[in-house]
Structures are given as structure tokens and as C-alpha cells.
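Just one chain follows, in the form predicted alone, and it is written as C-alpha cells.
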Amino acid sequence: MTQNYLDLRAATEARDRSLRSKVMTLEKATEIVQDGDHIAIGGCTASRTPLAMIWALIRAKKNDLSISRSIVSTEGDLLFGSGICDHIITSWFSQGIVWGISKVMRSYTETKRAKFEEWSHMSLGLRYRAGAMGIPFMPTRAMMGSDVANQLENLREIECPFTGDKLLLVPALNPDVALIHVQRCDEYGNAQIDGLQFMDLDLAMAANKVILTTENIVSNDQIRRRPDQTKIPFLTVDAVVEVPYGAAPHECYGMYEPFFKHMDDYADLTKDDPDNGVAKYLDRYYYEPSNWPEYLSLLGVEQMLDATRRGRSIYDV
């Protein structure tokens, strides 16, 4: 979407950067997201997906959301299936390599009920980076001459003023809200990320608002003991929500691995009848539970313990 970058800069400068507590509930955090917003999702594929926040947005029955993410997994199925989103911008849309391309995505896009806008992984990252830098575009050679580029309308090809080479310009991406799940942060929003950071740092800087979900809220003193691990600063953050297992059944590095049996069951459910399969899944896991702990209880203690044992085994080496 086109941005007036002088206005965007002025809005950024006017933000409240005071060191204040931003802790709230999932339900309260959904009020930050408005119908029609562009939402960026942190993590990648089945890693650190902010599923608790997505769960809350679906239950809040938001409307007309556009979503962008580096690689979309099952959360894309649920966003389409619930009807709160009809446009997803990403580089790949699949539950994961072992399960193949999303059957739900194919059903919704082939029947024109939703739009899957495909960019290359590199170009999507550059769009977030441009948004984080406060510039309207980023030059690249990614996608030049490809069929992916031929399917996109908002690209420009220029001649480099220094070398004369042809370059492609990709527009900046400044989401209205970014949803990011982290291992730990303090009440102010200073967030620490273990393992791969993916595009989350640029998301936090590019978005107009940021909602952090976290496995643990820790003291600011504890954050200060390991300042090198603090990847997202408080001044970019608008909400902090403590949600244990907030990425389940996806994984959160060092905390828990994916709930593989649950994801196998979901793939089976949507394999032959994607529409009814995703509807049944939403009824069972999104609409029936009254709160997040009830959702986790439906995933099952046995699967939770197994995922936790596998996830924390990296520290036993």
C-alpha cells in the first residue's frame, strides 16, 4: 500500500515512547487491531507463530484483514477459513514441507473467495526492511525476469544512475499492526528472541503498532543481564501479553517443538474436504474453548509434555 513517508515519519515521531507497563490480556490486545488493517505476522512457517493472538482475533470476529508473513503455515488456513481475512501476502503458503501446499489456500484462491499474493522470500524481506528504514522502496535484482514478478502490479524497473544496470524497485511494507511471539520480554516490551529472528526485527520497526505475545514476562533487571539478547526495544511496542505455549501447536525455539501428531491430524482433517475440515477445526479449537488454557487442554497434556521435552533437549547437549 502507498504511504506518504513524511506523514509516516511525523506519526512515528509523535509516538509515546515512555517507559510504561504495556501488559494486557489477549482480549484487550485485540482492540488494537481494527477492521481493514494490514497485519504482519512474525516468525516463519511453524516457528514462533503468534497463534494465541490469531486465536483471539478470530474469536473477536475481526473483518477484512490483510495479512503478510515471510512464509505462511496453518494460521493462513484458519484466517481464510474463519472469514476474517481474504488477502494474504507471502512467499510460500503451506502447513510445512512434509504436508505439502495448503489445500485450504487452494480451495479459497481457486474459487476467488480469497487472494494469495506471492512475492519472493527475498523481496518480501526487502519490503519490510524498507518500511523499517522509513524509505518508500528498495532496489533489488530478486524476481527480475521471473513469472513471480510478472504476476505483480506494484513493481517498477529502473536504470541504476551509477552503473546503468537494470534494477527492480519493490515498495516498502508498513503494516498497521505486527504480531510477534517471543520467548521473554519485560512489562515495557523489551523483547528477547532465542534462535532464528526471521524478519521480526524489521517487522517491529516497520509496523505502526506492535503486539508482543510472550512465553514469560520477566523483570527489567533480568532483561538487562543479557542486553545482547534484546532484539526488539520497548519503544516500538504497544502491547505485551503473557501467553504460555502461545505458539502451540507450532514451535517456540528452546521451549517446545511442534505438536507433530496434532499437525498430522489437522492435515488429515483438511486433506479431502478442505472447507469442512477447517470449519470443524475452528469449531473444536477456536470457538468452543472459553479461554486459552482450555484451548491448550484440548491439544492434550501428553502432546504438550512431548513437545516440551523435545524443545528443551537443546539445552541438554
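Just count from 1 along the sequence shown to find any residue number. Everything numeric in this text was worked out from a predicted model, so none of it was measured.
One more form of this protein exists, namely the form predicted in complex with another copy of the chain; it is left out here, but the text below deals with it.
J.: Even though another copy of the chain is not shown here, does it sit in the predicted complex so that 35, 59 and 217 each have a heavy atom within 4.5 Å?
T.: No, the candidate spot makes no contact with another copy of the chain.
J.: If you check 126, 177, 84, 104 against another copy of the chain in the predicted complex, which one has a heavy atom within 4.5 Å?
T.: In short, 126.
J.: Just checking whether residue 138 would be counted as a contact of another copy of the chain in the predicted complex - the rule being heavy atoms within 4.5 angstroms.
T.: Within the cut-off, so yes.
J.: If we define contact as a non-hydrogen atom of the residue within 4.5 angstroms of the partner, is residue 212 a contact of another copy of the chain in the predicted complex?
T.: Close contact is absent here: in the predicted complex, residue 212 is far from another copy of the chain, nothing within 4.5 Å, heavy atoms only.
J.: Taking any heavy atom pair closer than or equal to 4.5 Å as contact, tell me whether residue 187 reaches another copy of the chain in the predicted complex.
T.: Result no; residue 187 lies far from another copy of the chain in the predicted complex.
J.: Decide whether residue 170 counts as a contact residue for another copy of the chain in the predicted complex under a heavy atom distance cut-off of 4.5 Å.
T.: Residue 170 belongs to the contact set for another copy of the chain.
J.: Across 152 to 178, which residues bring a heavy atom to within 4.5 Å of another copy of the chain in the predicted complex?
T.: Contacts from 152 to 178: 154, 155, 156, 158, 160, 161, 162, 163, 165, 167, 169, 170, 171.
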